[in-house]
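Here's a solo chain for you in structure tokens, the form predicted alone.
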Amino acid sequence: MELRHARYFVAVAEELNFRRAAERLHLAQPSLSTQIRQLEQDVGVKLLERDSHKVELTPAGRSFLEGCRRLLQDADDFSRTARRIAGGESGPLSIGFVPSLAHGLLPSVLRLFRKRFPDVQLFLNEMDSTAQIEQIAGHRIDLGFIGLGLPKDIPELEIVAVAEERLVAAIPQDHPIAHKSRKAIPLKALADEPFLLGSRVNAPVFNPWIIVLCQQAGFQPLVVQESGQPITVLNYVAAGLGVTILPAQFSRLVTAGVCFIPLARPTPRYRYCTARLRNNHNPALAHFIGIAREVGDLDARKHIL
């Protein structure tokens, strides 16, 4: 039995009149009668009692009608689901993200994405940029939300910048700089300070970038320790072991004993990017990247980032 036969039968069963059913289906009445006879032959039972005056459902026809209605409803549902998945409005989307994004940009992106695409199933995984690239290459996540960029060019990846934010100096709360001013300071003001950085494994691009920025500001930073995640580094700062530089989103964390001071220009901003395989055709990807760029632009205009 073809799906169209189920539609033909439902129309006849509901109208109980071949002429009206044919008009409803935009078919010629003789053709519809032929199709219904063929359906009964295929099913092997009589579904309709008909004479020159009336059409009635047989007991088998009444049961068959309910089954046809369920079949057509399922077919409509499957078609609708397929169209939504093809349009990126439904289906799964797996995303990796660097820890710093959890403190500002990512929640805003997720909130807007969930509002616009509530039927997309999001799977979120916090991991460093290196791990994200491995997961993307292995087709275990669809999208990486990374900082800055990659340590080397990978042709099969598409990298899209979605947001920027200021860098801040994190210094001990009892440091003289903290008492002098909480306005923006030049990076060179930290020239004589011991620097604390996160693990180079977790920040293969960020750490070298910070060192280059210091060199461009006219000094070679004295890096006394490279270890741990940013939160751990902030604890070292609170203990008075040195200073560090982080994206501004970390300044939203309540960290006892730490003072956050923005770095003045010409210190550049920190850039967040998305990474995906060029041949990943998950249609929800474009929606997510577009919303990430939209939120990044909004935050930049509000001076949040």
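When you see a residue number, it is the position in the sequence shown, counting from 1. Small disclaimer: the values here were computed from a predicted structure and weren't measured.
Just so you know, the form predicted in complex with the DNA exists too; it's not on screen, but the next bit is about it.
The DNA is not drawn, but in the predicted bound form it has no heavy atom within 4.5 Å of H281. Of the heavy atoms in A28, some are within 4.5 Å of the DNA in the predicted bound form. At the 4.5 Å threshold, heavy atoms of C273 stay clear of the DNA in the predicted bound form, well away from it.
Of the heavy atoms in Q38, some are within 4.5 Å of the DNA in the predicted bound form. For the DNA in the predicted bound form, the listed stretch (273-281, 232-240, 255-263, 53-61) containing residues with heavy atoms inside 4.5 Å is 53-61.
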